[in-house]
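Read the single chain below, which is given as structure tokens and is the form predicted alone.
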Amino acid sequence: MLIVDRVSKKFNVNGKEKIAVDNVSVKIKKGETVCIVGPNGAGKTTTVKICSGFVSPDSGNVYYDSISLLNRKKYLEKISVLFEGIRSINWALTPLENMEYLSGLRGIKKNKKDIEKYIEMFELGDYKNQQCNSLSRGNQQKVAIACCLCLETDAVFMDEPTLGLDMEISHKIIKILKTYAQTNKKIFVITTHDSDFIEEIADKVLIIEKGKIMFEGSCEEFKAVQNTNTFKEAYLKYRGVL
């Protein structure tokens, strides 16, 4: 289980104190996919960066199976992270080489068969030996996600994995992640504005505003509260747009 325990974070912005994360607590079970939703600047990415060790909280703590975030080495062994996907890969390397290289950085030795599984999963067979700088934006994003998943950690954090992708590529990535999450019983924590993504993959939704969790529950529960048929309608109604 991933436990976020009363985490808070403030930043100084132009001489003014800004609360980015305000006493956030949540428990996420193994096999659960959680989508974090909210307006820009709500604290979604900061929350994920705290949970993944990129930002230190001012107070509170995060645990994975009783391993504290403060025990940095052991905690980070349990997680993998995707931020700004295409910037996380080496563009001079091929998809195969990126997976070998990034696994090696984590001290994980991958044989060709291990990596080919992810090449096949993301339909990258025709591109596996091409430098990533020659690939389309969609295929670069697939490589980045494949590199993240091939580490096979217990918990995976992703920041807007379908951002900027066309509908076809986005649909394929949703399908892959949904199947992977259900099959491997991993924890996924994903920030996204993609309502189709949320409807398809989320077991739980966290709606964050001004650093606080305003709603925690399933898509169906949120739609019932707002009396709508889709998550997009429910969220827009909640925000006062509909």
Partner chain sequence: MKRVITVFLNELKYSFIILNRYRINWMFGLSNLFLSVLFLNLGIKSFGNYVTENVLDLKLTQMIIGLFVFIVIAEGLNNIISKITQAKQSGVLEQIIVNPLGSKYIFVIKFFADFVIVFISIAIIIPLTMIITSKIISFNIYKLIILLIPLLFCTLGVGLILGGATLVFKKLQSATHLMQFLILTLMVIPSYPITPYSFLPITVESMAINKVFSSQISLSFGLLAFLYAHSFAYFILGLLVYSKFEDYAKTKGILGHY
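Residue numbers count along the first chain shown, from 1. This one's a predicted model, so the numbers in the text were calculated from it and none came from an experiment.
Another form exists, predicted together with the partner chain; not displayed. Remarks below refer to it.
**Student:** Can all three of 55, 104 and 133 be found with a heavy atom no more than 4.5 Å from the partner chain in the predicted complex?
**Tutor:** Every listed residue reaches the partner chain in the predicted complex, so yes.
**Student:** From the list 81, 124, 150, 165, which entry has a heavy atom within 4.5 Å of the partner chain in the predicted complex?
**Tutor:** Partner contact (heavy atom, 4.5 Å) among the options: 81.
**Student:** Flag residue 169 as yes or no: does it have a non-hydrogen atom within 4.5 angstroms of any non-hydrogen atom of the partner chain in the predicted complex?
**Tutor:** Contact check for residue 169: no, nothing within 4.5 Å of the partner chain in the predicted complex.
**Student:** Taking heavy atoms and a 4.5 Å cut-off, does residue 141 contact the partner chain in the predicted complex?
**Tutor:** It does not: once the partner chain is placed as it appears in the predicted complex, residue 141 has no heavy atom within 4.5 Å of it.
**Student:** Verify the contact flag for residue 72: yes if a non-hydrogen atom of it lies within 4.5 Å of a non-hydrogen atom of the partner chain in the predicted complex, no if not.
**Tutor:** Although the partner chain is absent here, residue 72 would touch it in the predicted complex, with heavy atoms inside 4.5 Å.
**Student:** Would you check, heavy atoms only and a 4.5 Å threshold, whether residue 77 touches the partner chain in the predicted complex?
**Tutor:** Flag for residue 77 set to yes.
**Student:** Counting only non-hydrogen atoms, choose the one of 20 to 28, 217 to 225, 230 to 238, 7 to 15 that falls within 4.5 Å of the partner chain in the predicted complex.
**Tutor:** Stretch with heavy atoms near the partner: 7 to 15.
**Student:** At a 4.5 angstroms cut-off on non-hydrogen atoms, which residues of 18 to 36 are near the partner chain in the predicted complex? List them in order.
**Tutor:** Going through 18 to 36 in order - heavy atoms within 4.5 Å of the partner chain in the predicted complex - there are no hits.
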